[in-house]
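This document opens with one chain alone, in structure tokens, the form predicted alone.
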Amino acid sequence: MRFRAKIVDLACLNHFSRIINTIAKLAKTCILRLTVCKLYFILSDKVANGGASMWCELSQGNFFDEFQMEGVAAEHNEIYLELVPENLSRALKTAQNAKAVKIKLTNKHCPCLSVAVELPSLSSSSRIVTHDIPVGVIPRRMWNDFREPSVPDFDVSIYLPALKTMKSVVDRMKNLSNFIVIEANLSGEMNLKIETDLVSITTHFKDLGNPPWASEDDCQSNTQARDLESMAEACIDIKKLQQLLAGQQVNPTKALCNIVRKRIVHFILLHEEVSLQYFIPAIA
């Protein structure tokens, strides 16, 4: 089992750092799954227990100049590691002007991801700062616990408004309630609502648009048969939504959410070679 990778391009390095920062805001610990072509960051708190889930997928070729890995076996050419993303985020903060960053799986008293940051130097010799990040190696028998979450048939799929606008609305509502209702329909309308004994507030968004699959004939839940104005809603933990909006540095070109009525809200942020899915279960 071996892994080593190198980033030289500064723009790629900064983009990779922003993704890790986003993940660090969403998960205290996560699984890093390495394959020949892709990296996956996975958080699989059991939705049944009220926990959020995350699945972030990136193509290694868009970030790394060198990428070599050998999995646990020829027929299972993958590596699963458990790590604290905040540790990786801190290590990459020292690399903002680096000439290169090398990441390698090592064994120093315990398995580690060693992040070697080559910094510019006035002299001919380069300065290298190495961060050893402890990781746990996930055994093969547990890999199935970290498969991509299946998306239940959704009632509505809708593009999100500008995330900064959404964040400022949610930030204000967070001071008034622990829960927020997200509702949307197939006419491109979405509402964010809070209701308490003292106050009821709704923010309306219109003309957001629905992804093409939201109205296809074989669509999930047969949306054709439903009223386009009919709202599907789910009540979720406002802190989990705020965490996603405040922490995201992916700067997506597309952002959308799928709502399964009273069960789950599934957010998808897309930016070229990166996709981040975040699942927040509904509160009964």
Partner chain sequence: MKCVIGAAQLRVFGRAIHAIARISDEFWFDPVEKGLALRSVNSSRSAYACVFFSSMFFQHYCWTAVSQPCHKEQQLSLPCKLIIKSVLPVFRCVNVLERNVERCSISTNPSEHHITFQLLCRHGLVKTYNLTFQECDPLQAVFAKHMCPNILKVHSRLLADVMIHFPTSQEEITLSVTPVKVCFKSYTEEDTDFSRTMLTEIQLSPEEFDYFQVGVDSEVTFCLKELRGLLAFSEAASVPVSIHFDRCGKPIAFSIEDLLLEASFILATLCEAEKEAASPEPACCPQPWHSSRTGMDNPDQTSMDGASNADTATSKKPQQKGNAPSMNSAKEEVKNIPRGPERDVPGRAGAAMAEAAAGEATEAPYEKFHSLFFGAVSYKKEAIGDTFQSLVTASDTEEEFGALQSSQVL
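Given the structure is predicted, the values throughout are model-derived calculations rather than measurements. Numbering follows the first chain given and starts at 1.
Keep in mind that the form predicted together with its partner chain is missing from the display, and what follows is about it.
Query raised in the report: Heavy atoms within 4.5 Å of its partner chain in the predicted bound form: does P134 have any?
Result: P134: yes, in contact with its partner chain in the predicted bound form.
Report task. Would you check, heavy atoms only and a 4.5 Å threshold, whether H109 touches its partner chain in the predicted bound form? Result -> Contact check for H109: yes, within 4.5 Å of its partner chain in the predicted bound form.
Query raised in the report: So in the predicted bound form, does S125 come within 4.5 Å of its partner chain, heavy atom to heavy atom?
Result: Result yes; S125 sits at the interface with its partner chain in the predicted bound form.
Report task. Would you please decide whether K99 lies within 4.5 angstroms of its partner chain in the predicted bound form, comparing each non-hydrogen atom pair? Result -> Close contact is absent here: in the predicted bound form, K99 is far from its partner chain, nothing within 4.5 Å, heavy atoms only.
Query raised in the report: Which one, 87-95, 139-147, 69-77, 186-194, holds residues whose non-hydrogen atoms are within 4.5 Å of its partner chain in the predicted bound form?
Result: Looking at the partner contacts, the answer comes out as 87-95.
Query raised in the report: From the list L176, V169, V129, L208, which entry has a heavy atom within 4.5 Å of its partner chain in the predicted bound form?
Result: Checking each option against its partner chain in the predicted bound form, the one that comes within 4.5 Å is V129.
Query raised in the report: Which residue, V151, L119, L163, I201, has a heavy atom that falls within 4.5 Å of its partner chain in the predicted bound form?
Result: Only one listed residue qualifies here, and that residue is L119.
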